[in-house]
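Okay, so here's just one chain, in structure tokens, the form predicted on its own.
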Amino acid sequence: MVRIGSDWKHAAALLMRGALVALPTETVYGLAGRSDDPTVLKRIYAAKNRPGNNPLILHCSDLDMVQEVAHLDGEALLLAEAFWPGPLTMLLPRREGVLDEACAGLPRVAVRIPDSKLFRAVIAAVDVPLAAPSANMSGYVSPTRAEHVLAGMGNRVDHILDGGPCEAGIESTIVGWDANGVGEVYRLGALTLQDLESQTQYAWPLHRPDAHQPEAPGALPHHYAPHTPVCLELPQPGDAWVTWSARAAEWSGEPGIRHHRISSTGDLAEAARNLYAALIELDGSGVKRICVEAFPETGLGAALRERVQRAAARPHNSSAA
């Protein structure tokens, strides 16, 4: 039976022995396992029902550990010094010895240092990078609380370390560099484009993903989606209406519409912390659709907007993949 606990040393001991443990980060809960054991990595893919061509993110405790698995220099090193620990993942040339299962056989490996002292303490104790995609079934909403992991994965995970609600609430931003050394954003996330541009002094373009051969985690065309259809329209009776702005919070609504506020003041950081929890809660409430108020196209709003669009792109008659 899966146990939820708060002892990080116990979680580390389980990971050392090859267990799969859900760990809290500042972004979402991750399904962690040793990155140096191919059997463990295959278990991660199987537990999530994750496509084998969808690479994983390796989580490291410090820059020395990053250098053990990836070549970190130039602009990437500058970003690391500016934003790690934090919600930034970088696609870097992998070093010899990194397992194919960790990066779907690609020449680059996705790495980051999480801004969670709890997670970093576990990594340091295990003494190897931990592969840790989100602790949910592939394609479903990422968990931001320990109970979300338990409800979504059950006995597919060996243990859950409860670190409370995640601070950021959405996944890390992923960046990489093309053959000419030009930086690209592979996934919008908790670190904004404006944050990146403040360090590099140029505008970062968005990478165009290949749905058949993802180069980065989280690049599937529909993702982050509950079973209940998500829409970007105004709600009708029987729908839920998820709002974040002060103006929408004042809306009294029509009969038969369930109003769910993820921020009442227009605070996008608060909205990000609460968005996934709202989608998970409403998914089990019996509403016909989950309608979400549009987010801004800049700053953190851009990442939130992209998440809702990806959730809405999921075919309504499909189940979690």
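Each residue number is its position in the shown sequence, starting from 1. Here the structure is a predicted model, which means the values were calculated and not measured.
The same protein also exists as the form predicted in complex with ligand TXA; that form is not shown, yet it is the one meant from here on.
*Asks:* Note which of G183, P235, P226, P133 lies within 4.5 Å of ligand TXA in the predicted bound form, where distance is taken over heavy atoms; exactly one does.
*Replies:* Result of the distance check: P133.
*Asks:* Among V40, M65, L56, A278, which has at least one heavy atom within 4.5 Å of ligand TXA in the predicted bound form?
*Replies:* Flagged contact: L56.
*Asks:* Considering non-hydrogen atoms and a 4.5 Å limit, does ligand TXA approach L106 in the predicted bound form?
*Replies:* Yes.
*Asks:* Does at least one non-hydrogen atom of R50 fall within 4.5 angstroms of ligand TXA in the predicted bound form?
*Replies:* Close contact exists here: in the predicted bound form, R50 approaches ligand TXA to within 4.5 Å, heavy atoms only.
*Asks:* Are any of the heavy atoms in T89 no more than 4.5 Å from a heavy atom of ligand TXA in the predicted bound form?
*Replies:* Judged by the heavy-atom cut-off of 4.5 Å, T89 is in contact with ligand TXA in the predicted bound form.
*Asks:* In the predicted bound form, is there a heavy atom of ligand TXA that lies within 4.5 Å of any heavy atom of T144, even though the partner is absent here?
*Replies:* It does not: once ligand TXA is placed as it appears in the predicted bound form, T144 has no heavy atom within 4.5 Å of it.
*Asks:* Which one of these stretches, 150-158, 172-180, 226-234, 239-247, sits within 4.5 Å of ligand TXA in the predicted bound form when only heavy atoms are counted?
*Replies:* Only one stretch passes the 4.5 Å heavy-atom test: 172-180.
*Asks:* Residue by residue through 2-30, tell me which have a non-hydrogen atom within 4.5 angstroms of ligand TXA in the predicted bound form.
*Replies:* The stretch 2-30, when checked against ligand TXA in the predicted bound form, contributes T25, T27, V28, Y29, G30 at the 4.5 Å heavy-atom cut-off.
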